[in-house]
Ligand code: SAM
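Here you get one chain, nothing else, as structure tokens; it is the form predicted on its own.
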Amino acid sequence: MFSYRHAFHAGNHADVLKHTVLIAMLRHLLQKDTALTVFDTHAGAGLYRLDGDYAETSGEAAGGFLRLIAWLNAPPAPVKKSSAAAKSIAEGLAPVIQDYLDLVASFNSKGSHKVYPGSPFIIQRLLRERDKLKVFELHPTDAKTLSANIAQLEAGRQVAVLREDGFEGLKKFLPPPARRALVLSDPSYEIKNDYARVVAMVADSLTRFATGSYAVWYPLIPRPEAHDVPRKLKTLATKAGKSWLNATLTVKSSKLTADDAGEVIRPGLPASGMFIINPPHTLKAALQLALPQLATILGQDQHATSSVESGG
């Protein structure tokens, strides 16, 4: 159960989606004076080197954050029939994408793109002194690394690192003292029952603290459990009378292909989504502008696309 290491996937297209949405949510939630508590149920190591062994082994950042940087430094020549998204990019990146890029840049020296912040560091960078962050990580090596990385922030009691199962550990903290919270949950889903557990966690959390904001990342892969996640979360939100938003980013086809020798080539992660319950009212319009741009820049074939749906 401890095989997954996010260091292999840091900065990939799923991280671009997840962190763009996360930053946009936090910017809105932190406009209110009341203290905010943020929970990260699967925090990973917190900080990653894109020139390190893990990231270089997978090369996934090259299809995500680094592809975005490369595109900006050397945009492709315009085509005659440019899409609406391409035209909007020519007029300037969507503000939430630029905000994401600026925040990642703040962890690097000028012109460098070697350090990639995970969700805990992105969250902590945006929090005010009165806000709190609680991060959960069960993987023994990543939990140790996370603790060491967080210690460097000298954030004192603002950040708590909990070496326990985030699905279960979250329960004892809801509702939070100030009655304002954002819960981010992005399990690896390498364990099949993660799909059911993330839905069960949200269902339980809504009974404990119905006014919290809940953001769930999920992969879009050819297995029914993955497609069940947004459908079940939508049902939960609807039954609870809560607003919801579902944002997806697809960069390539999910179909299996074969090489010249007839060996099956698996496409890797073709798409992912973020499902939010009680989203900021500004989020939908921001993502409707940003996600088509990301699909255009990060797309690897003609199947690249994006969607933003909402209800409640």
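Note that this is a predicted model, so its numbers are computed, not measured. We number the residues from 1 along the sequence you see.
As for the form predicted in complex with S-adenosylmethionine, it is not shown, yet the points below apply to it.
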(message) Looking at 60-68, 241-249, 34-42, 268-276, which stretch has residues with any non-hydrogen atom within 4.5 Å of S-adenosylmethionine in the model of the complex?
(response) 34-42
(request) Report whether the minimum heavy atom distance between D102 and S-adenosylmethionine in the model of the complex is within 4.5 Å. (result) no
(request) Considering only heavy atoms, tell me if Q124 and S-adenosylmethionine come within 4.5 Å of each other in the model of the complex. (result) no
(message) When the contact criterion is heavy atoms within 4.5 Å, does E164 count as touching S-adenosylmethionine in the model of the complex?
(response) yes
(request) Determine whether any heavy atom of P230 comes within 4.5 Å of a heavy atom of S-adenosylmethionine in the model of the complex, and answer yes or no. (result) no
(request) Quick one: from L138, V216, A237, V96, grab the residue that has a heavy atom within 4.5 Å of S-adenosylmethionine in the model of the complex. (result) L138
(request) Note that S-adenosylmethionine is not shown here; using its position in the model of the complex, name the residues of 188-226 with a heavy atom within 4.5 Å of it, in sequence order. (result) S188, R197
